[in-house]
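In structure tokens, the next block holds one chain alone, the form predicted alone.
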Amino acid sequence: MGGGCDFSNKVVLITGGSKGIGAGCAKVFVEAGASVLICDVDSENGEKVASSLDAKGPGHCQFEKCDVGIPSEVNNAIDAAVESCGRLDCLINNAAIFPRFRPIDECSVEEFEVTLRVNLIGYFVACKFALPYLRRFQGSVINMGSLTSVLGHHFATIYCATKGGISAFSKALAIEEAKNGVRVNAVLPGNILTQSRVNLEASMKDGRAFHDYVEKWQWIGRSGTVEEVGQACLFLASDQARFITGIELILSGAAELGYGPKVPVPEF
């Protein structure tokens, strides 16, 4: 439980925590004894995840509805965490949207603006409002980036741009907050087997072939799990990582290493 890190009496806020990587992080931190507040626009799933994790313990979990694209709602969620638990030790910025794959010619300026507001400006806003509390307890910020910020991705210019911004933002903030005892790190997942990918595969003509194809992108031979992302975040947030700040921790199964065929891309 908790990868050997005890987070009892610590408070963690996770944006986009109703599913996928966010829910995986919440599970790991609750198992480590933390009090976790997950916030998301998806109230139905958010309430279910929070209720289930809170029942299992040993930590606690609660849900707060929040659209990270609306600054006032982010501020309210952070205030709710502090009012409920008395402190804030870790902020995990995870909420994101992924526009559908298509060339830049077919992407609108408005779509870029919306993606930027959620995927990058939302991180800035959460940090801005959370840092006064994090400084009191010398906590940490973990920003969820993506391996695509390093490698790029076919037909995903908008998404990659926002994730690249997260990496630069995290390094700059790590420098700024070092004097306050707050550590800031970025986690860059590669292929993670989330429910969204399972749903995508189920909708495809040959989802099984696509699944097998994606699994072969990693030298380890499989995609990562949402809990493995959570374990990495738990380590970065723990005292065991108190000398680590400003890094980009790649979780990829070594997908970025070595040469390999690039074209043609199979159709599924």
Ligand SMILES: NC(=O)c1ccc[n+]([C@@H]2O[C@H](COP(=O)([O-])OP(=O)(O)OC[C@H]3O[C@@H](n4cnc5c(N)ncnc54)[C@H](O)[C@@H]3O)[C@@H](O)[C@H]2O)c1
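In case it trips you up, residue 1 is the first one in the sequence shown, and so on. Quick caveat: nothing in here was measured; it's all calculated off a predicted structure.
Although not depicted, the form predicted in complex with the ligand is the subject of the following passage.
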Just to confirm, Ile21 within 4.5 Å of the ligand in the model of the complex by heavy atoms? yes
Decide whether Ile97 counts as a contact residue for the ligand in the model of the complex under a heavy atom distance cut-off of 4.5 Å. yes
Going by a heavy atom distance of 4.5 Å, is Ser167 a contact of the ligand in the model of the complex? no
Contact test in the model of the complex: Gly139 vs the ligand, heavy atoms, 4.5 Å: no
Kindly confirm or deny that Thr225, Gly230 and Gly253 each have some heavy atom within 4.5 angstroms of the ligand in the model of the complex. no
Which pick from Val125, Met144, Val182, Ala81 sits with a heavy atom within 4.5 Å of the ligand in the model of the complex? Met144
Answer range among 41-49, 234-242, 27-35, 199-207 for contact with the ligand, defined in the model of the complex as heavy atoms within 4.5 Å: 41-49
The ligand in the model of the complex - contacting residues of 188-221, heavy atom within 4.5 Å: Pro189, Gly190, Asn191, Ile192, Thr194, Ser196
